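For reference, the chain that follows is the form predicted on its own, supplied as structure tokens.
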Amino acid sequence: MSLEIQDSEFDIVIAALQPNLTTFFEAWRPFFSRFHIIVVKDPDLAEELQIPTGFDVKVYTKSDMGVLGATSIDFSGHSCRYFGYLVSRKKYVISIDDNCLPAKDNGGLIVDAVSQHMSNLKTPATPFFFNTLYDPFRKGADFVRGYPFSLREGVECMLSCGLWLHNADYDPMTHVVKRNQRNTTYVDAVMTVPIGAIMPVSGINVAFNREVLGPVMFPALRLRKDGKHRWDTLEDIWNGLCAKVVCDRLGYGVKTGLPYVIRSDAEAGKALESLKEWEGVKVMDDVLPFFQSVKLSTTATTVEDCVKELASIVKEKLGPQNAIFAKAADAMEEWAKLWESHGAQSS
């Protein structure tokens, strides 16, 4: 597989939750300017978007979402980016939050997040046996002694989960306790998440193989007090849990680590607003045993099959515990239909 990045291979999807995107785009110009960019405006945002010239940008707004017809899926807030996943026609998608800027590595060089995500996706993952030198396909690394040769070809990587410096992605309680703490540690590593391990996937800095994984990249779970800050939501966490279960069932890989971005702390002091009513703690306690034990049948041989079966299990096992799970299952089923009718095409 060639690691050369083709302009026609992927879209960059940006969820616009703020009107002035000038600083964001100018900072990313060296890395974004040659590629097609999909900007999805939060349907609750009234102001006009400000985007500098010199980019191949297609902006989608609330009126464009009407093409889907009547749908119960809520594309407001951070969930608007999923509309970009739906309308993209490229093999790969990279999505970075609009409050993130390029990071610098330990040598002071600006990180090309696009190239690193593509390297993660275009080199094999190794979910069945952990390599203690992390990603053996990175330059300067290899498989350690004792790693079975029968597993060294690896499997196709479908999801690349990048990280962030400065303002960490905490829940409201941790934000309040550690309001002055910033993440300054740049760990120069990529690793495959082992099969069977579950993880919180953040939508802040992520890339995936849209052609294969698209049907499971959905905005399904909405908290009752879902807001505009990352700590007000769990849509990306739920999405990632489901995606990992599907990847494990079908033998695909998920990587985490590089690339890093720098995340703005402009909103870090506002977490206290969400603290008293945040239900995410109980939700995660409810879903943990479910995702630790859920098994998809051997008859689920495609991502679409897996999504439909997983939605049915969620409705049966979690639905009676909390209405938000029943609604999430309905949204998963509806997304599968939307993907078939509006998202399955590729360029």
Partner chain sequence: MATTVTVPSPSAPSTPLLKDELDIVIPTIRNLDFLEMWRPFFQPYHLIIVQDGDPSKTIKVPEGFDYELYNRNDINRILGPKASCISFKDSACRCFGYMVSKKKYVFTIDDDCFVAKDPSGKDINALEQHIKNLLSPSTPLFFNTLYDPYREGADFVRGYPFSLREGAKTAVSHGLWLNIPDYDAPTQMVKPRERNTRYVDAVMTVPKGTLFPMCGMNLGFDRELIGPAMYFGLMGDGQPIGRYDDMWAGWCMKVICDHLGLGVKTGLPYIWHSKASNPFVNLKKEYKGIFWQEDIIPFFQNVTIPKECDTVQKCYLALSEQVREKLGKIDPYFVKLADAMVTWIEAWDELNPSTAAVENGKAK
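Quantities reported herein were computed from a predicted structural model and do not represent experimental measurements. Positions refer to the first chain, counted from 1.
Below: the form predicted together with the partner chain, not depicted.
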* **Proximity to the partner chain in the predicted bound form, single hit among Y85, F75, W164, Y252 (heavy atom within 4.5 Å)** => W164
* Listed residue that, although the partner chain is not shown, lies within 4.5 Å of it in the predicted bound form (heavy atoms), from D285, E316, D56, E47 -> D285
* Asked: 107-115, 67-75, 178-186, 85-93: which one contacts the partner chain in the predicted bound form at 4.5 Å, heavy atom to heavy atom?
  -> 178-186
* Asked: All three of D142, Y147 and P200 touching the partner chain in the predicted bound form at 4.5 Å, heavy atom to heavy atom?
  -> yes
* Mark P102 yes when one of its heavy atoms lies within 4.5 Å of a heavy atom of the partner chain in the predicted bound form, and no otherwise. => no
* To do: Please check if I262 has a heavy atom lying within 4.5 Å of any heavy atom of the partner chain in the predicted bound form.
  => no
* At the 4.5 Å heavy atom threshold, is E211 in contact with the partner chain in the predicted bound form? -> no
* Closest heavy atom of Q292 to the partner chain in the predicted bound form, within 4.5 Å or not? -> yes
* the partner chain in the predicted bound form - contacting residues of 231-257, heavy atom within 4.5 Å -> W231, T233, L234, D236, I237, L241, T256, G257
